[in-house]
Ligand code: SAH
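Have a look below at one chain only, the form predicted on its own, in structure tokens format.
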């Protein structure tokens, strides 16, 4: 079924979860809505009996849960990453509502791997972790009491994802392949290196240059071929810099 294919392509990523019970409850929330790809980034304690207890009949989700040392590794195979933003931040991209984001994720997940990222129970996602996300989602809870439990937030989003998948919402169903997060991270490292080499970026005082460039490229939804073109431009820039430096050295020796 098309809707199940989409749900299978949606990864739920929990960053630095502290309570193993929340991991189990998240697994249960996922299974009730047909999702099964749970990924953990540096959990405080996992595996854990409390996680299995809270998972109830979703222990099978826990058994195949991936545990990663860092967020980039957890997102390596994903073409779209959405982070849950629990509070207003000074960010270049506005957080959207759960239903709109779920429709976008479900549509893209028909052909691509996508991820929804949740932060720590106490602090949420750090600015660095949010930097790996191409879009943000915010659950509009009661402003007078907006403290939403991690597993409850997972349940809300998984419900919206299931409803969007079952509805077969219209979206980007093109056959175009999208660059994975792993490929994008390689490009961003290369881009930052070149910007430093040409003197456009001061590594001692980088400001928000790279986060803003990340947001810019996130809106483009780059394909692998397009990313290869950009990497080629960077490589040629470095080659030109090297040749220019070699030419100056040769001229200097000739003058001597």
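Quick caveat: nothing in here was measured; it's all calculated off a predicted structure. Numbering follows the first chain given and starts at 1.
Beyond what is shown, the protein has a form predicted together with the ligand; the following relates to that form.
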{"property": "Per-stretch contact check against the ligand in the model of the complex, the hit in 181 to 189, 160 to 168, 68 to 76, 143 to 151 (non-hydrogen atom, 4.5 angstroms)", "result": "143 to 151"}
{"property": "Selected contact from 125, 101, 107, 81, since only one has a non-hydrogen atom within 4.5 angstroms of the ligand in the model of the complex", "result": "125"}
{"property": "46, 51 and 60 all contacting the ligand in the model of the complex, non-hydrogen atom within 4.5 Å", "result": "no"}
{"property": "In the model of the complex, residue 135 touching the ligand (heavy atom, 4.5 Å)", "result": "no"}
{"property": "Heavy atom of residue 111 within 4.5 Å of the ligand in the model of the complex", "result": "no"}
{"property": "The ligand contact in the model of the complex: residue 155, any heavy atom under 4.5 Å", "result": "no"}
